[in-house]
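Only one chain comes next, encoded as structure tokens, the form predicted on its own.
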Amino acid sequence: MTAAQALFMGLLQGATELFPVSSLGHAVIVPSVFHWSFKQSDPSFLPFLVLLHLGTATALLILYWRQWLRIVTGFVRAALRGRIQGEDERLAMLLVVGTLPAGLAGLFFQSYFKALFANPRAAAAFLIVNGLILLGAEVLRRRAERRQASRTEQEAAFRPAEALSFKAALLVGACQVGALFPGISRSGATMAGGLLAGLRHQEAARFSFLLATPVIAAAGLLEVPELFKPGIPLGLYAAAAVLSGAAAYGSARFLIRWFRVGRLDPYGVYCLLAGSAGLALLR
């Protein structure tokens, strides 16, 4: 991987990770479309992607640092007390429950998911599936909204993240397992799950961003040590991770504003078009 390619991949990762369009799918497809010389099956490719994801996680920690401070404090309090009191403690435990499915799936099926990173056509196909998931979630959401006669009733019916049940948090976390397939967006799958669980769009995005952070951090602990092997340009890869974090921070700020009034539909259409184009170009 050249320096320009590594830095480009960093920007691509940061720009697409939090948008519901699958950064991993783009990272697998783009090198093959452009006929770059490195292989996605190279042992250092996945750790490189995880390092870029850590740049994204760092951006999310910076963006939500006050909330994470309350969440960690709430978790410690609830664990020591043996029961939950207050919204911060409840949100902390919801995030623990929501993290379990993806953590366990990644731990036990790691080799299977790694094999998919060398298959750009599979990533393009999963990108189409991701688009259908986003569009389907919005169709079901609109049906739920039509049941509410007024805006006031809609606001009362759709909840903040702290009001999720633990069963719903587990289901949203299970949606995150899909992100282990390149082409299925982590944020898109969890936002779709959050909408179906009754969250407002903005709250579904916030819960998705918070839920992604511990999973990305855990993946980093497993994969980043591979980058310290001889011959790996760690300085270049770290620079790419910094670019990834900067792009992710900007993306997150944009999406927070977007989901105050916007929906998932444009991203669903984009995924259908991008996945179809990828399949056509990768013949």
Partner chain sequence: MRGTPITTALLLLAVVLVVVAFLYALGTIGWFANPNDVHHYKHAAAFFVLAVLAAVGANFARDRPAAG
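Take the two forms, superpose them, and find the largest set of C-alpha atoms that agree within 1.5 Å; that set is the rigid core. Positions refer to the first chain, counted from 1. Not measured: the values here are computed from a predicted model.
Separately, the form predicted together with the partner chain exists; it is not shown, and the next lines address it.
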item	value
Full three-residue contact with the partner chain in the model of the complex, heavy atom 4.5 Å, for R253, Y270 and A280	no
Listed range touching the partner chain, judged in the model of the complex by heavy atoms within 4.5 Å, from 170-178, 92-100, 204-212, 136-144	92-100
Among the candidates I128, A122, I84, A163, the residue which, in the model of the complex, approaches the partner chain to within 4.5 Å (heavy atoms)	I84
Non-hydrogen atom contact L196 with the partner chain in the model of the complex at 4.5 angstroms	no
Contact of I62 with the partner chain in the model of the complex (heavy atom, 4.5 Å)	no
Heavy atom of L222 within 4.5 Å of the partner chain in the model of the complex	yes
Partner contact for A79 in the model of the complex: the partner chain, 4.5 angstroms, heavy atom	yes
V30: Cα shift of 2 Å or greater between the shown form and the other one (core-aligned)	no
V50 C-alpha shift between the shown form and the other one of 2 Å or more, rigid core reference	yes
